[in-house]
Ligand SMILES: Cc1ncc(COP(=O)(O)O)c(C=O)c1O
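One chain follows as structure tokens, the form predicted on its own.
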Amino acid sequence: MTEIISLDTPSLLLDYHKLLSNLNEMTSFAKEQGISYRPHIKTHKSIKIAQLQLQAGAVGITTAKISEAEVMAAGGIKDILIAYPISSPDKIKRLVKLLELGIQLKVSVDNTESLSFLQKELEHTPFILEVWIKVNSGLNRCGVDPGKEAVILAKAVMTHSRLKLGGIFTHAGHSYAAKTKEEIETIGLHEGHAVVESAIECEKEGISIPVRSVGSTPTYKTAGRINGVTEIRPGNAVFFDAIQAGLGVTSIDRCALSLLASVVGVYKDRVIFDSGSKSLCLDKGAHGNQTVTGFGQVIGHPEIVIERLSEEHGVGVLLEATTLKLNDKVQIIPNHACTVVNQFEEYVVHDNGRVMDVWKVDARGMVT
């Protein structure tokens, strides 16, 4: 059996047992709470991993873009939420093609104008599209304000014959900028309440909201415990990464994804790896809150901080002497797993350092 140490570099490594452990933690939490689990696949972009999540009990998947949904649909996945606003007529035509394939599709909406665009394109089809209202729980990106604005939009959905309202959801991505576990918990509580209270206000007006969905890896165990929440959508938690460890959400030894890199230079004050910004990416934490030191953590070598990246070089500054020498190989836990995955064609799946399989990153580069 091939050892990962013999692989060429840089290679994207996936620890099979850590993957399953992380996956099972999410599904177990959902089962304990009596709620559904709809993982976001923008982290892994893999049909194989999505299938593992569905086999473990996920009710469907979440994607960021239509192109990701198209790849997953081609892989046999039938229940898909596209958690992104769509109003372009060209993109809506692509939604129709997914409906023609029998996909149980749900699409994000957060303004009345987009409803008109969706209605216009769907009027010439036999389909009724399920839409979910996105509420802003503090990220201040997309989404209506919770409560009254959600009710106004819900009422507007009801006036469109080709649309049906299936749920309300949010994403507390600002939790990545939290400085303490207490702050993460506060954000998670607000996340859950923003969705549930919006749903309650809608139902006071006679508008049923079957699904109340929350996301965000740092907060899902807090938001998912709020009474009235029916679904969680964590993505990054399937792998974890150095940013999650920096936030205190997990520990480095639970991170399933790593990058195999080679030493290409050793100097008195630094070590150079063959993994630069095109492999490790430049993330260091969200919204200016630096949750990590350097651009990835070199496993087993605390004396090294990857201080800077150029496109093909990772520069590791030495805090003290190192045993590494030219052509040695190391594993690096990336800061942000999602962006790193999108740089590679495949995962090398391993069991304790022995190669088990190679899985394709099916939706790599799918950003439309």
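Just count from 1 along the sequence shown to find any residue number. Because the structure is a prediction, the values reported are computed rather than measured.
Omitted here: the form predicted in complex with this ligand. The next part is about that form.
- Picking from 192-200, 171-179, 123-131, 85-93 the stretch near this ligand in the predicted bound form, with a 4.5 Å limit on heavy atoms, gives 171-179.
- By the criterion of a heavy atom within 4.5 Å, residue 141 is counted among the residues contacting this ligand in the predicted bound form.
- Not displayed here, this ligand is kept clear of residue 188 by more than 4.5 Å at the level of heavy atoms in the predicted bound form.
- For the chain shown alone, residue 212 is not a contact residue for this ligand in the predicted bound form, no non-hydrogen atom being within 4.5 angstroms.
- With a 4.5 Å cutoff on heavy atoms, residue 301 does not count as touching this ligand in the predicted bound form; it lies far away.
- Note on the partner interface in the predicted bound form: the residue among 217, 258, 297, 279 having a heavy atom within 4.5 angstroms of this ligand is 217.
- Residues of 221-253 placing a heavy atom within 4.5 Å of this ligand in the predicted bound form, in sequence order: 233, 234, 235, 236.
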